[in-house]
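Here we start with a single chain on its own, the form predicted alone, put down as structure tokens.
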């Protein structure tokens, strides 16, 4: 947390401790807030300057962030631009995302993606993106960005050869490769290091291809893209970061230069996360390691149950993958755990899938994911309802697919719930 012309850096907090220890103290100095053990909420729209010179300097640095001294505080001006709770949430997130130099908190995951792209891309640029992606992202890429002269090209396979083919075809126009790994909702892993290396081959002084990774499903506990070569990491903080299905938020992390530009666009576009939401995100980051590991432990048991059930055609989850498959090899290479998302295909189609959804009791029928409760939904007719039939067919997003976001309940209760619901499926 910043304090006028005083400097406090999260980097100086418990430098020899592990991230899950440091995150409890990162970004906040109790000396600035009457020695409060926990971060206060700062519900103010504007901040007082100690002098006119301070006000002048703070505004100058807001417009020229590259001229800020290494130990110089940018200062607090107005809560659309910055706020102590925003900065504390960002500093805490940095502790958990190794390799990131700076972070920007935004009002949603979609706001994080759209602000990042508008800040870093220009008309005529092309985004290559892994397909499928979250339905909102797909709509942004296919329906909104073309209005701004930004084109998007889906890549239907995680194989590097598919990306290389597009890079050869569109040459210098590709400015960003956007990877969602694992994909939503098909749980397909893409080799971040391989794609980053490929981008490096085609990168030039005239065309600096950015590799951006939506890390919502696995990170920051089980996967960190920047050490693997990614330039930018995006999160829907609504999911595992918030972790209680009670907030909407997002993050972009990366190099200082990129994040400074994104923050500039954030301020101009008005994409400001309110102090209370930032405070809730900071609170939740303190327990993310515990929550996500419990959810993942539960998910592994549930995936094993589903894989053995006669009414289930296929289960997509790391621990039930063929150990010789390329998907399992990518998972083992870049992930530290399997995560909490399971996609499975029921024998039949929409009728059988809906029957299961209508008969669960412990599992909650709702979209979103990453909460303490287990959520179950039908991607083809819910979160990905607007995705074209052609794309759905190419990526295997069918009416028989169900997505499960496993929570922290007793796994035996979830298994029993699914067993009873499956028993009612004709």
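Residue numbers count along the first chain shown, from 1. The structure presented is a predicted model; accordingly, all values stated were derived computationally and were not measured.
Keep in mind that the form predicted together with a small molecule is missing from the display, and what follows is about it.
Chemist: Please pick, from 273, 282, 216, 130, the one residue with any non-hydrogen atom lying within 4.5 angstroms of the small molecule in the predicted complex.
Modeler: The option sitting close enough to the partner is 216.
Chemist: From the list 180, 258, 151, 97, which entry has a heavy atom within 4.5 Å of the small molecule in the predicted complex?
Modeler: Residue within 4.5 Å of the partner: 180.
Chemist: Non-hydrogen atoms within 4.5 angstroms of the small molecule in the predicted complex: do 301, 307 and 374 all have one?
Modeler: No: none of 301, 307 and 374 comes within 4.5 Å of the small molecule in the predicted complex.
Chemist: Hey, in the predicted complex, does residue 268 get a heavy atom within 4.5 angstroms of the small molecule?
Modeler: Although the small molecule is absent here, residue 268 would stay clear of it in the predicted complex, with no heavy atoms inside 4.5 Å.
Chemist: Residue-level contact is defined here as any heavy atom of the residue lying within 4.5 Å of the small molecule in the predicted complex; does residue 145 satisfy this criterion?
Modeler: It does not: once the small molecule is placed as it appears in the predicted complex, residue 145 has no heavy atom within 4.5 Å of it.
Chemist: Would residue 109 count as touching the small molecule in the predicted complex under a 4.5 Å heavy atom rule?
Modeler: Contact with the small molecule, yes.
Chemist: Evaluate residue 363 for contact with the small molecule in the predicted complex, applying a 4.5 angstroms cut-off between non-hydrogen atoms, and reply yes or no.
Modeler: Looking in the predicted complex, residue contacts with the small molecule do not include residue 363, since no heavy atom lies within 4.5 Å.
Chemist: Among 247 to 255, 78 to 86, 153 to 161, 121 to 129, which stretch has residues with heavy atoms no more than 4.5 Å from the small molecule in the predicted complex?
Modeler: Contact-bearing stretch, as computed: 247 to 255.
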